[in-house]
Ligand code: AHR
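In the form predicted alone, a lone chain appears below as structure tokens.
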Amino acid sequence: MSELKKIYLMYPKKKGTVAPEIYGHFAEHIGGVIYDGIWVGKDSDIPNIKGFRKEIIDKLKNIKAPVIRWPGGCYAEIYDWRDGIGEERPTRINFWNFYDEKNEPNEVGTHEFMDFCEAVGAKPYFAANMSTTTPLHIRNWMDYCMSPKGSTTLAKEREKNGHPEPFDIPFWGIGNENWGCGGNMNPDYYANEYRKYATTMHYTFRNKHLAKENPMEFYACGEDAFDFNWTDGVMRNLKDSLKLVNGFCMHYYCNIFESPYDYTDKQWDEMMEKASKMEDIIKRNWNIICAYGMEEQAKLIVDEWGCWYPGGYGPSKGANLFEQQSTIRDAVVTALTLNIFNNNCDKVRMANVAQVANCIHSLFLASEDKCITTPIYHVFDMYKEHQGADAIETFVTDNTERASSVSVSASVKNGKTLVTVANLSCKEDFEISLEAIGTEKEQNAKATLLSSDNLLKCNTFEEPDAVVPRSFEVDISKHFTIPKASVLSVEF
């Protein structure tokens, strides 16, 4: 008999609102993410909207993609925004050239990326280059993008390049991974540089930055995984700069240097253990932030996360840097991670999964006229109604003394409850019961299950629907089964 997991939905205990931006995305100029990924060119025979692959746009719209981060990543720290505007655009050495010897043609720049965001219906999140440019350079980028029509020379240049009205760019990251690729700084040095850049940016667009409606947010570079000394140093140095900080970025990847689709049960468990550490990283960072009284100014921005395997396992056979395939294991990690974000929505302001296409933990794999969704995409589809909902407390009780092997989050919006469950075990099915505390629940519910009869399967150009969800009705007044290594959503 399967083990019973009782999931208690504590309706009176609301954790806060799940910011839609927690379900954000990341499009870096790396490998095949942009070129032959989301971008095919305006003259392409492949269906496109202003040069961007229409199939990806339509599917991002379907999952209500709220925000997209660009142009990096590490690439942001060598990016000159002037290279990506106008008719004559230079070819530059890409940051990642030392890996794949690819150069950057700058076909996709500010205007093109804003076209992409507009087509998707997502807000843009710009990563500003701190380590190889000046505060004035970033101030000028902001002037070019956001000054009113005809008001400045740069605004007139923007109009000449096809966009008279200003762009709306609500989110600005100031530096990326400045402890590493972004200048190899220490936290004290970074904090002083942040003050300089953020002050210039703040006074350029002070009214927009501090607006009560639709303010502009500035994000400080956070730590890598478990480097809490960085968090402590930056918070200590920025604690008296409250108007200059609106978020604190952090990155965490589940790095396992093995094949993404040829793993053992032991390696499955190792990945689940790595992914579960996201909760501890969030809470430890949050404790440091609170210790400096920065909890209102430095909500967490998890702007890079996902499973990271060696490259060469995707359809491009190594042509696209860091491209990898995804199985149900990566879908379960996605579900677990999103549950953690939902359950910590009072701490997490935004999260951006890395990356959109043809790279690490991607939602899409594409090449020429071929484009498929990975199992990761389907999890975002199953979870999308958490966006903007009120997260409620959940508890799981087992009939054994060992730690639970299920991850759960739940939210309420417009009179509907969405419960999302991940079975972290690759060996056992579980029986589930939903216990409502503080309200009555309906008997009939809509369920969607993502699972696979072969845990090593992945979606390919030849077999695009190898791992896809199925929907069905379920009686939630009774026990029901969640299979091993699966993701379940229940809405009622």
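Note that the structure is a prediction, hence the values are computed from the model and not measured. Residue indices: 1-based, along the sequence shown.
The discussion below concerns the form predicted in complex with this ligand, not included here.
Residue contact check: residue 73 to this ligand in the predicted complex, 4.5 Å heavy atom: Although this ligand is absent here, residue 73 would touch it in the predicted complex, with heavy atoms inside 4.5 Å.
is_contact(residue 30, this ligand) in the predicted complex, heavy atom dist at most 4.5 Å: Residue 30: yes, in contact with this ligand in the predicted complex.
Proximity of residue 251 to this ligand in the predicted complex, heavy atoms at 4.5 Å: So residue 251 counts as contacting this ligand.
Contact test in the predicted complex: residue 96 vs this ligand, heavy atoms, 4.5 Å: Answer yes; at least one heavy atom of residue 96 falls within 4.5 Å of this ligand in the predicted complex.
Listed residue (327, 355, 334, 420) with a non-hydrogen atom within 4.5 angstroms of this ligand in the predicted complex: By the 4.5 Å heavy-atom cutoff, the listed residue in contact is 355.
This ligand: the contacting residue among 360, 221, 127, 365 in the predicted complex [heavy atom, 4.5 Å]: Contact with this ligand in the predicted complex is made by 360 alone.
Heavy atom distance at most 4.5 Å to this ligand in the predicted complex, all of 268, 377 and 486: Per the other structure, none of 268, 377 and 486 touch this ligand.
Per-stretch contact check against this ligand in the predicted complex, the hit in 300-308, 183-191, 408-416, 339-347 (non-hydrogen atom, 4.5 angstroms): Among the candidates, contact is made by 300-308.
Within 4.5 Å of this ligand in the predicted complex: residues from 156-185 (heavy atom criterion): In sequence order, 176, 177 come within 4.5 Å of the partner.
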